[in-house]
Ligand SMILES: CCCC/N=C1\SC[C@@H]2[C@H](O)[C@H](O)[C@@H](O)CN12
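Just one chain is shown here, as structure tokens, and it is the form predicted on its own.
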Amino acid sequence: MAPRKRLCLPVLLLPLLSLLLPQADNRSFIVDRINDRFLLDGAPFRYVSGSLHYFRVPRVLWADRLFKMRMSGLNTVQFYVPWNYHEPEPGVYNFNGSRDLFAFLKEASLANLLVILRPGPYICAEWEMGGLPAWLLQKPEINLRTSDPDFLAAVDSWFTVLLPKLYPWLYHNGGNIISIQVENEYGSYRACDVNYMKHLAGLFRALLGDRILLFTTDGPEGLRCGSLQGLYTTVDFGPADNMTKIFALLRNYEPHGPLVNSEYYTGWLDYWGQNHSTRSVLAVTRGLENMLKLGASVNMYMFHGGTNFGYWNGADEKGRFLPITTSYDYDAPISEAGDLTPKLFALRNVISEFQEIPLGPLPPPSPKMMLGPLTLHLDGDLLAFLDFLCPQGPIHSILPLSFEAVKQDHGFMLYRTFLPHPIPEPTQFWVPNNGVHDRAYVMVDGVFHGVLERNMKHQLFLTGKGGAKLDILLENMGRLSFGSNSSDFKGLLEPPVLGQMVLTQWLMFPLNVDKLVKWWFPLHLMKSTRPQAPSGPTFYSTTFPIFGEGGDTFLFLPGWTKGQVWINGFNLGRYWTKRGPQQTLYVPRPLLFSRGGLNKITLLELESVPLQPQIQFVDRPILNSTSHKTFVYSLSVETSSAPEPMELSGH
């Protein structure tokens, strides 16, 4: 008989280790339709969740915001995945830095938060083009969010990359994702293409398996087109809506199982030119309490809003084009700067009546910093830097081309032509068929003459010599992001007209302003070209030290009109001081060099500069100061100059 092999110690320990380690096979999150509830690992479970978007918060602050959510009594965090944030060009993917959503999943796990994931492909979220990549519009006839083969091919390619990366993070695989939404509020979209929704559901199942809970969410009016058999149906509504009526309607689509409000609105978004939106603490807490009494699961949208840094804000079309502000504070329980508000403490008290909340003190507000006023110095007008802004040179075309046609997704593009003959008398300059998308800054031989704007009647008259250089700087203010939006092309969509003459023979310069600010301006190029009297789009900058530790702060731009601002090369976003309501820009402390380090701020002012070109940093935000008179020339006869209440139209 052969001698028996001795078992090594690791083999003997395997059964013991298997008992000590958590078993993915024993983990489950399912719908108990008999008892109208969720079961987590076989035990009754109700989630009280909050929305936070990793793409609106600097990565270094993720842990802080998630910890505060957990300490508020939440057991789950809900967030979107914006496709355009991760696939900037077809087949080019970015999951690094603040785009590392898997690092965010890990931070949520460390905060002891489960995850409800909303990967789209369309997300709304008041985000640029609702999260869809602008490069889709390089095929002008594409039908977004339908079973158009071109759209489906792009979606399939994206999800074939994304969803397998998420598979290890599913709850039953040992991760923290308990459910995943398919599309987003599809019932609010004009197409109502059931084959498209079926295609997505099949794709999710093929790549994620059968065990993950897939769901849809819609406003009450969207349940008919947004729901799909085989996907769990949820609804969204705010504190002012009739909860009893809406949940009764939901039961027509989901007769058994837990009631779920996937977006319970704690506040609302802001548009440039409207008042800052708020929701009362009492209304929000009463609504939450009533839902929890029914045993419903709830996600609060937003629990922490964050910021639309850079060019990432979306827009709505509600009688006119309404771009969304840089601040996404949302009047949420956690403020844009990450501070706990009275709304949070009131909601925490409600949650504590229904489930245990973590023990321990809640964090105090972050330190805030005041500095200034600081005087900015003139760097030069934008046209002087054209060789650096567009080193590859212009694109030639008889008629102007859109941003999408020249693969310019965001920011600015300069259109240039030359007057074919003298224009001695003031002659009206206009673009037919509302063809300015979204805002045009008009210059003749470098002299600024005025602005044309989407959906707005501006009287603009030009004169000039034969051969005079006509420059039009076009600003993309953010693509439509909600509901029935069609493809939102940017730029000059029609050839401009001077008097009765259609202007042709255009040069188009796609501008990379961020690259200029980050790489060229630090070299202090072109000092000798600084003009004495700036006209039109102009760069200003200064440097400043911060002594001590510094803190979070808010950039205040009194007297400035409209533009873009960078700090240490980071694009803080748009300011529109003249229109409001937002008057300050949130500056997170990690963006600043403290202890005597030298910081640089750069402004691209697009219209007019105050007599004293100064800015200052203040210790609190100013989010509600609006001038409505700017809307008096709307093209829409239905639009008045008074502020209008916005419907809770969804995300």
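Remember, it's a predicted structure, so these values are computed and weren't measured experimentally. In case it trips you up, residue 1 is the first one in the sequence shown, and so on.
Although not depicted, the form predicted together with the ligand is the subject of the following passage.
Asker: Please work out, step by step, whether the site is open or blocked: first superpose the C-alphas near the site so the ligand is positioned as in the predicted bound form, then count ligand atoms within 2.4 Å of this form's backbone or C-beta atoms (3 or more = blocked).
Answerer: Answer blocked: 3 or more ligand atoms come within 2.4 Å of backbone or C-beta.
Asker: To verify the annotation, which of these, Glu126, Asp379, Asp329, Glu254, has a non-hydrogen atom within 4.5 Å of the ligand in the predicted bound form?
Answerer: When the ligand is considered in the predicted bound form, the option within 4.5 Å is Glu126.
Asker: Under a 4.5 angstroms heavy atom criterion, identify the one residue in Trp268, Phe159, Phe385, Trp169 near the ligand in the predicted bound form.
Answerer: In short, Trp268.
Asker: Could you confirm whether Glu263 comes within 4.5 Å of the ligand in the predicted bound form, counting heavy atoms only?
Answerer: So Glu263 counts as contacting the ligand.
Asker: Tell me, yes or no, whether Tyr80 is in contact with the ligand in the predicted bound form, where a contact means a heavy atom of each within 4.5 Å.
Answerer: Yes, Tyr80 lies within 4.5 Å of the ligand in the predicted bound form.
Asker: Look up in the predicted bound form whether Asp236 has a non-hydrogen atom within 4.5 angstroms of the ligand, and give yes or no.
Answerer: Yes - in the predicted bound form, heavy atoms of Asp236 and the ligand come within 4.5 Å of each other.
Asker: May I ask you to check whether Thr76 falls inside a 4.5 Å heavy atom distance of the ligand in the predicted bound form?
Answerer: Contact with the ligand, no.
Asker: Using a 4.5 Å heavy atom cut-off, which of 352 to 360, 332 to 340, 107 to 115, 180 to 188 contacts the ligand in the predicted bound form?
Answerer: The contacting stretch here is 180 to 188.
Asker: Going through 283 to 310 from first to last, which residues have a non-hydrogen atom within 4.5 Å of the ligand in the predicted bound form?
Answerer: Read in sequence order, the lone residue that approaches the ligand (within 4.5 Å, in the predicted bound form) is Tyr301.
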